[in-house]
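What follows is one chain in structure tokens, specifically the form predicted alone.
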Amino acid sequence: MTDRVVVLLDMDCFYVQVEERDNPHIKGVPAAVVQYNSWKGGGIIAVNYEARAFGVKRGMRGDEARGKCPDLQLVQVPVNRGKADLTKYRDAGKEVIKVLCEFSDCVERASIDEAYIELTQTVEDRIKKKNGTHIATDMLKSSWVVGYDKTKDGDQQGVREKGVHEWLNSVFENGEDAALPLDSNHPQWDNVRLAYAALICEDMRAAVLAQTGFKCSAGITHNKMLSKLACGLHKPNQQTVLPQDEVSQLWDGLPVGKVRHLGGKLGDSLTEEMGCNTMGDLAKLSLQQLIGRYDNKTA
């Protein structure tokens, strides 16, 4: 389960960022991108965080959104032959992929604004290069760690720093373990690798910003599904590490429908017939219990 180290990188409000780069006057003000016909102000497909603060959401029509935020800047997606032309956004996404390929030779573009990056070999190479040097809290300037990220309204930055500090101490300075070399014999080897992946991801996101002007968020785990989930926990312009030993904590509060393939009718069935409201509930069921209700493949 922990052989690989995988990052999901997601551009923050990407279409809006692309438009902000082309139209600097909308940067820092409420803005949204609309496409297709202009009926009722057009359909919103991307919203920046300044506009979200007013309650503007994707799927709204522009006129409705301006009712919530009168100063909202609406930018129209280019049109070619009567259809939305996403070329400029795809090209901007390619710029990002080019940067990511500087950090790994295994990059999978998941959509215009998302990519999976396998860092397994990159991490082990970095550990060898650093000769097992431990990582300091201030080296992970925008990182959060699931299980060490409990916060209410208030000093979020302070909570983030404290959580990262406590997690790094548990990984690198756990009693006598501090003297151990950082290799596969280390009792916290999986988390050592995630810590180095977080360090690399900080560098990678900084490179994306420097070379393209775009900000992004990331999830850092051992597989694609978990990285996707982790990425959305702390946004924008942040990254989240999900250690394998904290997955069960995430499951306890995660609705079943939030996981890919478990929405729709299957998700409804799990909730209504099997009593699974969260992934934690689902994890308590045995394979035999699931086979008793679903076909083998689904189970």
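Just so we're clear, the structure is a prediction, and the values are computed from it rather than from any experiment. Just count from 1 along the sequence shown to find any residue number. Just so we're on the same page, rigid core means the largest C-alpha set that superposes within 1.5 Å between forms.
The form predicted in complex with the DNA is left out here; the points below concern that form.
Note on the partner interface in the model of the complex: the residue among Arg90, Lys141, Lys130, Lys98 having a heavy atom within 4.5 angstroms of the DNA is Arg90. Although the partner is absent here, Gln238 is not a contact residue: none of its heavy atoms lies within 4.5 angstroms of the DNA in the model of the complex. Mapping the unseen interface onto this chain, His165 falls outside it, with no heavy atom inside 4.5 Å of the DNA in the model of the complex. The closest heavy atom approach of Arg126 to the DNA in the model of the complex falls outside 4.5 Å. Contact check for Arg260: a heavy atom falls within 4.5 Å of the DNA in the model of the complex. Each of Tyr36, Ile44 and Gly264 comes within 4.5 Å of the DNA in the model of the complex, counting any heavy atom. Only one segment in the set 192 to 200, 108 to 116, 212 to 220, 165 to 173 has residues whose heavy atoms sit within 4.5 Å of the DNA in the model of the complex; it is 108 to 116. Along 224 to 244, a single residue, Lys228, places a heavy atom within 4.5 Å of the DNA in the model of the complex. Put the two forms on the same core and the Cα of Gln244 is off by less than 2 Å between the shown form and the other one. Residue displacement note: Leu270 has its CA displaced by at least 2 Å between the shown form and the other one (rigid core superposed).
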